[in-house]
Every structure is written in structure tokens, then in C-alpha cells.
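Encoded as C-alpha cells, the following chain is the form predicted alone, with no partner shown.
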Amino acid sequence: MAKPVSIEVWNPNGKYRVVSTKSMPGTRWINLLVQQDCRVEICTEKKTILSVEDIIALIGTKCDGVIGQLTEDWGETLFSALSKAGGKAFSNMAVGYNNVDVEAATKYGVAVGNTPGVLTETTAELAASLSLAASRRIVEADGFMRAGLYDGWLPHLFVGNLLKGQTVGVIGAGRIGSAYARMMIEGFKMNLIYYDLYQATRLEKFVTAYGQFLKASGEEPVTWRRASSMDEVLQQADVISLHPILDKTTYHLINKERLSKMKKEAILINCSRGPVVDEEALVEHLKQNPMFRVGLDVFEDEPYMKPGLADMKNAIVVPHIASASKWTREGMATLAALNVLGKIKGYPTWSNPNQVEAFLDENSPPPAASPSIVNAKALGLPVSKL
């Protein structure tokens, strides 16, 4: 028998039982569920990652829906348990769902939600922050200062890279990649080279228009180019940010061979998925090329780093905080809750999961729809006409 898990309960007499495996930012998500007659149970266990057994104990014998986290293993075992408890909805509080066996969920009739449309600018901002921090060696300099090693200005002290006029490379020019590119181009007047299977027409138009503006102002215009291969980006860009999806074609996309194609003083940023980068190869490259720098928000075997990475002064490593702005995290919690609520109430799914502003407006009730259900088509769920 599963060991009981500690919880916090809201609206104990609610008709529907919704479980959250973690406390989430804000209270709007709780209030929206309570207003629709849900009993909300929030796990308060002092564990960073809940085990399958912990979650089974949370689900219990009657559960209408679960809000979970990307660190959890949502496969056959959990979807079977949720289905037996009468549950029809699960939502990741994340845009990605690599931790979810969607086929197993569909098999048991469970709708799987995620939270796109709310992380774009926040994630792009962190990628831009890591780019600037790496180029100007800010983390190294901060540690040097705190250690009491600074005894006066020196010509060679923490000399880094100027971004203005350099080339920013983007691999994967979707919503986040394009937002990052715009920040780097408009903020630092960088030129763009990008690689994507699809043409980023809006991004190209933005760079063209901004270049014309700069030229009209008497400045050097910025330029853009769509590369015919990823290797072109790696060879020509001074700062490269990775924004691909993670699948079998992008696993270890950046490996020993591709690292060798990059400039010796290049900067590599990854705020997408950890396994996109071969971390062991990266550690060796950082050792051999001290002026090559990297900024990582995600890791191959989270929460762990490959041996040696933490010792690299030319690496900036942060703990998966790309979406960690107050507005975004509260928005993710709201969307996850509304995914579960929508399925419980029999609402249709939202027609465009990347246009979620209507769900996030705190001054009006959200639409009667689930914001984003990834297996809606497989389950035959109707689409909202709102």
C-alpha cells in the first residue's frame, strides 16, 4: 500500500477532485478551480521530484484530474492509475512533454495538456541574458570580486567580446528563437544568420525593416541570411543560440564534430532541451578552448551535470529558470489548471494554443475551453469556435 503523501486542501467539499503534484506560483489557478466546484489538493511533500509511487498515492481511488511537472514520469503506470480513479485529464505545467507517454494517456482516455504561448518572451530574455553574461564574462568577474581578488584596474582584466556588429546565429527560428533574435538584433545591432527547416518570414521582415531604419539614421544597417545548413551557422556566427525541438534527429545535435566547426571565441547558448548538447564533448571543448564560452539553462541528465562542467570558468550554468518570471510561471499554472478544468467540464479545446491571452486576463473570466490539449485530435475532442 502506498505511503500517504502530505497535502494542502482548498474547498474540501468540492464536487471534482483535482490534484497538483507541486505548489505553483500565484493563487488565480486555485481560485479558478474552486469557483467551478473543484476540491484542490496540493502536494506539500519536501521532495523536489515525486516518485511514481508518491503520485499514485496522491491520485488515490477518486481523482478527476492532475496537474503535474516535467520532472515526473507520466507513463502507463500513472495513466492507468488515474483512469481507474475516474480521471480524464492531466496537464504538464510546461510547454514540453517529453516526460509524458501521450500514447498511453490516449489509450486510457486521458487528455494531456501543456502550456505553450506564455513562455516565449521569458525564455528568449534568459537566452539573451546568458549571451550578454557570457560575452562580458560577468559571472567570472562577479566571483573574482566576491573573492577579494580585485586590487585595481588592469588592461587585460576580464576582457570579453563586443556584441555590436557581430553575428548572432539561431538554430530553430520558431517563436522563441525569433524572439531571441529580435532582442539581440535590436538591442545590440547584430547581424543574423539562422537555420530552420521553415522560412522565418516575419523575422526576416523585422530585420530588413530595422536595417532600413538604421540606414536612414546614418548607421550601418543590420543584415539577415537564412543558412542552407546548420554547419553554416556554426562556422559563421559569433553567438549561437539553440532553439530546436528535442527528438531523435536533434539528440546530441551539438557534438564533438560540430563544436570543432565553431569559432574559437564563440558563445553557445542552450535554453531549449538538455540532450540537444553532448555535454561530455562540451566539457572537453571548454577545456581545450578557454575563450570559448557557454551559457546553459538545461542539462542532459537533469538535475545533474556531466563531470567537469561545474569546474569550467568559461561556462555559465543556471538551474532551468528560462520560464522563471512571475508573470510566466503564474500564467503556466493558470493554463495547466484550465486544461484540467476544461476536460472535467466537457469544454472544447482552444483553436490556437499559442494565442492564450484571453486565458491570462485577470479582469475577465477565461473562455470555456481547454487552452492546449496535445492529444485532442486522437481523443476526438471538439475545437472551440470562440
Ligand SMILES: NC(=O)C1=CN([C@@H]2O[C@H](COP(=O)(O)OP(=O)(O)OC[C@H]3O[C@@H](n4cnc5c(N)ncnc54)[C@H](O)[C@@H]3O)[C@@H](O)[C@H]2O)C=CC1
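Residues carry their position along the shown sequence, with the first being 1. Predicted, not measured: the structure shown is a model, and the values here were computed from it.
Note that the form predicted together with the named molecule isn't included here; everything after this is about it.
Every member of the trio Tyr195, Thr249 and Cys271 reaches the named molecule in the predicted complex with some non-hydrogen atom inside 4.5 Å. Listed stretches are 304-312, 216-224, 137-145, 95-103; the contact stretch with the named molecule in the predicted complex is 95-103, by a heavy atom cutoff of 4.5 Å. Residue contact with the named molecule in the predicted complex: Leu149 places no heavy atom within 4.5 Å of it. Using a 4.5 angstroms threshold between heavy atoms, Val159 stays clear of the named molecule in the predicted complex. By the criterion of a heavy atom within 4.5 Å, Thr167 is excluded from the residues contacting the named molecule in the predicted complex.
For the chain shown alone, His243 is a contact residue for the named molecule in the predicted complex, at least one non-hydrogen atom being within 4.5 angstroms. None of Met190, Leu119, Leu78, Met262 but one reaches within 4.5 angstroms of the named molecule in the predicted complex through a heavy atom, and that residue is Leu119. Think of it this way: in the predicted complex, the named molecule has a heavy atom of just one of Pro275, Gly174, Gly109, Gly86 within 4.5 Å, and the residue is Gly174. Residues Asp297, Val298 are the members of 292-313 with a non-hydrogen atom no more than 4.5 angstroms from the named molecule in the predicted complex.
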